[in-house]
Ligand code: NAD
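Quick setup: one chain, the form predicted alone, written in structure tokens, and binding and motion questions come after.
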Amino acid sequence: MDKATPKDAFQANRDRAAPLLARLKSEGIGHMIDGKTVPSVSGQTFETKSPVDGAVLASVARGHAEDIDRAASAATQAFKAWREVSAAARRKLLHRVADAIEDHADDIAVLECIDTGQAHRFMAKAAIRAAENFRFFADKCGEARDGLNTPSEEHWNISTRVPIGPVGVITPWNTPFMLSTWKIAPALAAGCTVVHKPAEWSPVTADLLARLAKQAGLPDGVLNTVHGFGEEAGKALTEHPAIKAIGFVGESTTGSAIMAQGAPTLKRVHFELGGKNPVIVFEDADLDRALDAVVFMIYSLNGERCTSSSRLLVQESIADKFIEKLTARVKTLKVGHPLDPATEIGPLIHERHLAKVCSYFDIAKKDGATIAVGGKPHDGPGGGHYVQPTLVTGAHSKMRVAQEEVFGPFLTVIPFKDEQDAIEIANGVQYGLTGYVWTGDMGRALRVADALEAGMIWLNSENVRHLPTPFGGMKASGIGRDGGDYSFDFYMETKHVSLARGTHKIQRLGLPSS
């Protein structure tokens, strides 16, 4: 048989998307509250449009405080039973959710492409990663309540963990399906119930996740989804007294607002926020592998990822040669329709985000930098929110393009002199999410890793996630850590129980005088 061509695969993706989009258009998207798909109490809706061509994908229920209150009440009621479900039973249920995700992986991929503009080559793996998230935390259900035994002379002291209660999860619009599972799966494994507020720019696959979880047998009220805008549904969720914690992924300024909104009810918060992450390339690095990693970590996923290496710090002795090769690679990146398997960069999520990214072209020029590649919108198929992959050279560390998060396919190059110079430049921003270091000197690699103000460091590697490891940032990049047991630390309360041996002396008060 002849092998399928990329053109065939493109058409197959279109064919798969067509009936899914038709259903969305006809049925719309409602909230999932207490196991039922319902409209907003107000009856209000908003339209969600594809970044590919601006076509309306669906009419979406627009949630407000009363909808959040219904969802929080459902989560509170469901928590009473869900927290008592055995670890083995929760494990089985979460594996069934993972099975459902895998069974619909192709549907999730094409919907995510149309809804967010992300290239299919990346979204094809997003659903699989989402299923892996559920399986990983399903298998940790039995460990969720684990604690420590810390005996003293007169007591046995043990600790255990209990689920904190109903929690709010607010997720972003970049790779929304996978990132939603990254928050929701550990919460459910811990025994919490969830009210999920997805990003209003990408509601489609959040609706699908809620449906799949229900089909898999997750009890009503355990996972509730309320759509809407941050200042309406999101604010109501962060302020609701029944919600014990908020897990949020998004912009740093929004994280600050959520912290203030949750303060009156003393909410626990976990924030995974913005980044202006450095990739540092020393002269003794494997330059070919470093080049591959530099290109991948800023231009994949349209540059719309918090861990993207948006600042290239390259040692002066190799800067010219490295930039020359980098320029050639950026010029040949393939911008196109997200369902086309040949596409490497698709349209940006929204017209407002496109305008933001494009505003940095003039900012770069005004600050005296050079736009070596790109620097313009792109006329892509469908006429959507496309932008040329952009490379900025001639920059220094104080420029806005070296300080501010652009969140697009936009790379700023900054030369450095030596190890100490590289560290100072890397740390000289408000963010501290990730750092990437390329060098043949492992002593230097370890010194730099220790000195970088970032929550995650990769040495001679791009971003490769290992689910048990801690994920999170420093400074304006976040509070707390996801991953492995770190997630349970957030979604659970630690309880100390002391068992007396009956031998310790108890002071006796109130005895009659002799």
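Every value quoted in this text rests on a predicted model; they were computed, and no experiment measured them. Heads up: residue numbers just count along the shown sequence, starting at 1.
Heads up, the form predicted together with the named molecule isn't pictured, but that's what we're talking about next.
Novice: Can you tell me whether residue 230 touches the named molecule? I mean in the predicted bound form, with a 4.5 angstroms heavy atom cut-off.
Specialist: Taking the distances in the predicted bound form, the answer for residue 230 is yes, it comes within 4.5 Å of the named molecule.
Novice: In the predicted bound form, is there a heavy atom of the named molecule that lies within 4.5 Å of any heavy atom of residue 112, even though the partner is absent here?
Specialist: Result no; residue 112 lies far from the named molecule in the predicted bound form.
Novice: Consider residue 135 of the chain shown here, and say whether it contacts the named molecule in the predicted bound form, taking contact as heavy atoms within 4.5 Å.
Specialist: Result no; residue 135 lies far from the named molecule in the predicted bound form.
Novice: Flag residue 427 as yes or no: does it have a non-hydrogen atom within 4.5 angstroms of any non-hydrogen atom of the named molecule in the predicted bound form?
Specialist: No - in the predicted bound form, heavy atoms of residue 427 and the named molecule never come within 4.5 Å of each other.
Novice: Just to be sure I understand the contacts: of 101, 249, 391, 243, which is the one whose heavy atoms reach within 4.5 angstroms of the named molecule in the predicted bound form?
Specialist: The residue in contact is 249.
Novice: Please identify the residue among 471, 488, 458, 46 with any heavy atom within 4.5 Å of the named molecule in the predicted bound form.
Specialist: That would be 471.
Novice: Looking in the predicted bound form, is the named molecule within 4.5 Å of a heavy atom from each of 173, 272 and 405?
Specialist: Yes.
Novice: Considering the named molecule in the predicted bound form, find the one stretch among 190-198, 82-90, 215-223, 437-445 with heavy atoms no farther than 4.5 Å from it.
Specialist: Contact-bearing stretch, as computed: 190-198.
Novice: Select from 421-449 the residues with a non-hydrogen atom within 4.5 Å of the named molecule in the predicted bound form and write them out in sequence order.
Specialist: The stretch touches the partner through 433 alone.
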